[in-house]
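Before any questions on binding or motion, here is one chain by itself as structure tokens, the form predicted alone.
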């Protein structure tokens, strides 16, 4: 399978390294990173060159993601997107993909562990809807180079809570005294790949669910898994589809 990496920062490089490791382990070329596109060569890559790949994996920035997605759509190349901070336009992108029969898979986080965390979060929020004595708060910690706050992962988890917890109607990226608001506390520290914590607390006890990333390998491996899954498909998907959670 031929893959284009759009964006060759920390995540792009991590995906490339994991692809090499998986190829070596398999003893054959499973993931062929045949095109690397970054800020230095983006303007010189033609549509025809992009069309030589089977799937594109896009990890750039909030400012370039939407343009890159449309570029892939234009070339009719399935695209897996991990950039965050642009999701105010997600519904528009999904509508375009559906109307034009494109292949699109977005996830705020491709780590298998994080996606299990998401599933636990959805289930717990559904249960806690009946237990109004518990309040909920979120905290996320990332490296100091993280450009968006809250993180895409935290925002995804927050929206999942808002869909299931009737006593919460909105979120704020700060501590709030409003009982209808879900507080998300964002912290930025050196050399932290990412930690997300959701806490339900009452007068008598506290329940935490936490995911802590040790490195970027989980994100990179999940992105490759998603690319292989999206290959030869059309439609709009998420990691819930890749991992089979939507079959429940």
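Positions refer to the first chain, counted from 1. Quantities reported herein were computed from a predicted structural model and do not represent experimental measurements.
Separately, the form predicted together with a small molecule exists; it is not shown, and the next lines address it.
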| query | finding |
| --- | --- |
| Segment that reaches the small molecule in the model of the complex - one of 126-134, 139-147, 92-100, 159-167, heavy atoms within 4.5 Å | 139-147 |
| Triplet 118, 197 and 217 all within 4.5 Å of the small molecule in the model of the complex via a heavy atom | no |
| Partner contact for residue 210 in the model of the complex: the small molecule, 4.5 angstroms, heavy atom | no |
| Residue contact check: residue 181 to the small molecule in the model of the complex, 4.5 Å heavy atom | no |
| is_contact(residue 68, the small molecule) in the model of the complex, heavy atom dist at most 4.5 Å | yes |
| Residue contact check: residue 42 to the small molecule in the model of the complex, 4.5 Å heavy atom | yes |
| Answer option from 32, 189, 201, 38, heavy atom within 4.5 Å of the small molecule in the model of the complex | 38 |
